[in-house]
Structure formats: C-alpha cells, structure tokens
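Just one chain is shown here, as structure tokens, and it is the form predicted on its own.
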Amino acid sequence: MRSVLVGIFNLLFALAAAPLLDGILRQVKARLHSRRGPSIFQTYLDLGKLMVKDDQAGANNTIFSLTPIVCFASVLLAALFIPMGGVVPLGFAGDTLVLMYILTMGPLCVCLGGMASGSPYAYVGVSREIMTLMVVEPVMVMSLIASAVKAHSLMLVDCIRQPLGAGPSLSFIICGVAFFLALQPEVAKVPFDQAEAEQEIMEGPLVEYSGRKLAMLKWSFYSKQIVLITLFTEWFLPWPALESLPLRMACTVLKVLVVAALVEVIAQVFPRLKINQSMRYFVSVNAFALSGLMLAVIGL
C-alpha cells in the first residue's frame, strides 16, 4: 500500500509539479537579472496555450507523430522508479540498469522525431544531442553503478540505503559530484543546451513541432528535470534519515528545490559553450567518474 501511495505521489510530482518548478526557476532567473519576472504559474499558462493551438504538422509520418507520446510516457515511467522518501514504487520490476534505459529513451525519441521532421535545423540539433548523449550518459551510468558496487546490488532500494548505514565514502562523493555535473546537460540548461539553442537553431529537434505535440514535449522536459534532480537528491543526498515517510518526502521536495535553484544559478552565470568545448569538458568529467567507479571497486 505504501508503494502505491508513493507511486501516485511520484506521478503527480513529476506531472503536476514540474511546470510549477519551472515557474519558480523562472523567478530565480528574473531575480538574478534584477527583473520582476513572470508568475510562478506562467508555465501552466504557456502549456495551456499550446494545448489549444492548432497542430501544424511539420512532417507527416508515424515517428514524428509518436515521438511526443513516447517521450512523455518514458518520463512518467521513470518517475515510478525514482526513490521518494526511501521508497521505490516499481523497484520490484527493475533495477539501476532498467532505470538508465528508461531515462535514455526520451532523448533518443526526440532525436528520432527531429530526424523525421526533415528540417535542417533539426538535423543540427539532433547531431549535437547525440554527441552530448555519448559523453554525458556514461557519467550517469558510472556514478550509479559505483553505488551499486558499494551496495553489492543493482536493486534501487539497496543502492540508496547503503550510504545511510555506511556513511559517504570517497568514491560516493566523487560519483555524486560527477552526477551533479551531468545534470546541467541532462536538463538542457546553459552552458550545455547546444542541442536546443533557441537563438542559433530555433530549438533544434523541436523546430517543426507545434500545438499539443510541442506542449507534450516541453512538459516531458519539465518532468524529466524534476525526475533527475529527485534521483540525485535521493541517491547522493539521502540525509537526514527520518523515521516518518511524510517527513522524508517533504525533505526530498525541499532538497529538490534547492538543487534546482543551484542548477538555474549555474545556467545564468555561465555562457553557452561550443559543442567541441562541451566534448572536451565531459571527457574530463568521464575520467573523474571513472576514478570514482574504480575506487568503489577496490572498496574506497
């Protein structure tokens, strides 16, 4: 029963609270720029406007049409594997590797949809997205696998409970830092948003989407942001170990807000990097994450 309730909360958190989190981050951005900024509910209004607009199909093929649906569904499925308050709703149905496959499904679908659109801007965005995935996804995989090595299990519950009992190890800290560095490109924030780059390639893979399809894609991006940040806070910042489940969940929500605000601050402080600069940077981050994995293997 507890897993069912947490699963419902996770879905509502990823679906309903994601636009609210984006609205809060828009306020953070505005304050950093000494502006008043829009209402924190503006993202709901933006999505609502897209929902009622006519869908001007940029391409007439199945892949282009199904991409928003599959992307949206993959993020909601990932939300059911995210630990919330120490509980993993679908933990019995898969492990860390399954979670990584599900999280990768969304970006790959966006790449397929972009290529199916036939737009040259979409092709440029897709090429950048694929290059980013090739260097960012290994960081996340190595960071999570290092925790699995320390826990001697790939099961999500075992991985998040291990640091609570043994305390943070050197490999755990290194992999946590590496995972945090990978958050920025995973949620398409500056300085690693080259695949969308509205000022350069008009949102890249999304350039031919409009109406409800575009709303679903944007909503899935907002939900993915909250899912990944929740995964980071629950996996690498599991403290304090409170007894009450509602208190643990409330603490998780607070930590998500703090980490999301930090990600937004970084996005406003640094300029967008060139794609080759990003590649060189994440080669170093991959080496950093690999060192954490090696330390986990030898027991540090």
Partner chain sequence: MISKIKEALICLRAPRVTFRYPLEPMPAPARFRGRPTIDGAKCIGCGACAAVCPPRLIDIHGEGTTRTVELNFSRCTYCARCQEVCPVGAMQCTTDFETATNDRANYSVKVELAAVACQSCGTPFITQRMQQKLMAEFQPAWMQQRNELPEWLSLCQSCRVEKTGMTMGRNIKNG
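Predicted model, so just to flag it, every value in this text is computed and none were measured. Positions refer to the first chain, counted from 1.
The protein also exists as the form predicted in complex with the partner chain; that form is not presented, and the subsequent description refers to it.
A heavy atom within 4.5 Å of the partner chain in the predicted complex is found for exactly one of 32, 242, 66, 51: 32. In summary, among the residues 247, 269, 262, 45, the only one with a non-hydrogen atom within 4.5 Å of the partner chain in the predicted complex is 269. Among heavy atoms of residue 27, some come within 4.5 Å of the partner chain in the predicted complex. Residues with any non-hydrogen atom within 4.5 angstroms of the partner chain in the predicted complex fall in just one of 252-260, 227-235, 33-41, 66-74: 33-41.
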